[in-house]
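Only one chain is shown below, in structure tokens, and it's the form predicted alone.
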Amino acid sequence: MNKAWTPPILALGIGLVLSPMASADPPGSRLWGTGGVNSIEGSAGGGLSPWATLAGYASDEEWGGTVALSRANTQDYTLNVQGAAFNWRNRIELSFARQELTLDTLAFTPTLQPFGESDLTQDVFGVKARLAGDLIYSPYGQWSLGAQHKRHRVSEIPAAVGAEDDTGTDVYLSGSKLFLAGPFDRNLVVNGTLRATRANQGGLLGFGGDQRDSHELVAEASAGLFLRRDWLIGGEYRQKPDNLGFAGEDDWWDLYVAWIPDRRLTVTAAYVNLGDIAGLASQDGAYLSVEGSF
């Protein structure tokens, strides 16, 4: 983990988590839970996929944002993410995430052992613009267009596994809708995303490869049911391109529960299934994220 980065964002995250005790003012005027959470790529949405909603609770006359710390553990990998997003007047979102993937097993394979690296670090810079609609009041929901530029900080490893580049940019279109008094008289939020990408394992193994080196259109979907105002359960599914010949790439999915005791704090726990990664089979495990809103 990058020691120079972690302390300041960790301190900021702790400060935001404790802020309900320091101030009674809400972090914005949008409805409870409608900002989603900070995804592993920094933008607002679910854990694996962005939504059309923008970070935090800022409405058309406000600004705000989120910071989050997330961790996922599978049989052979550990992913730590520090993320932050800024929302200007519920129109533009700017986001950043630093992903640090510990190669618990892969680092000792003949392919990567010569590099002496046991971690992969990727920075993700994001921008999202709300194009039209409203999550609740528009019949067709809210629609946003976003882009994520991803850059590796250890450039030799993507090339070692056959990737063409260590930087790349995803472009996506998301639509989200909240149905009030839906199934079982509970509020239901649904999201669909179309993403143009050439990223391998979300970019953690570089971009493009010997099988394919052009952007591919993939689909992502998620749904969440509010059991109460402060409890949300749901699931996500994310398609993936298959660019590298040395190992196939599986789609990702998860089942999650989010606790929102206060609009300044969200805690999300999930079971994640990432399939085979770089030849290591059946990577699934636990995911935990803590987010503060301001």
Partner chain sequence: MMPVHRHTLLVLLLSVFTLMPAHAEEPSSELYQALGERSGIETIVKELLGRIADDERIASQFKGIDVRRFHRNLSDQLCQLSGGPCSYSGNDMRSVHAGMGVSDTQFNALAEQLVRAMEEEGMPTWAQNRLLERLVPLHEDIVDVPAEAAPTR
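In this text the structure is predicted, and so the values were computed from the model without any measurement. Positions refer to the first chain, counted from 1.
Quick note: we don't show the form predicted in complex with the partner chain, though the next part is all about it.
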**OP:** Could you work out which of 131, 92, 160, 196 is the residue within 4.5 angstroms of the partner chain in the predicted complex, going by heavy atoms?
**Re:** 196
Subject >> Residue (of 33, 64, 241, 234) lying close to the partner chain in the predicted complex, criterion heavy atoms within 4.5 Å >> reply: 241
Original post:
Any of the heavy atoms of residue 82 lying within 4.5 Å of the partner chain in the predicted complex?
Top reply: no
Original post:
Taking the shortest heavy atom distance, is residue 154 within 4.5 Å of the partner chain in the predicted complex?
Top reply: no
Subject >> 4.5 Å heavy atom contact, residue 218 to the partner chain in the predicted complex >> reply: yes
**OP:** Give a yes or no for residue 150: in the predicted complex, does one of its heavy atoms lie within 4.5 Å of a heavy atom belonging to the partner chain?
**Re:** no
Subject >> Per-stretch contact check against the partner chain in the predicted complex, the hit in 222-230, 45-53, 252-260, 64-72 (non-hydrogen atom, 4.5 angstroms) >> reply: 222-230
Original post:
Does any residue in 126-140 get within 4.5 Å of the partner chain in the predicted complex, counting heavy atoms only, and if so which ones?
Top reply: 136, 137
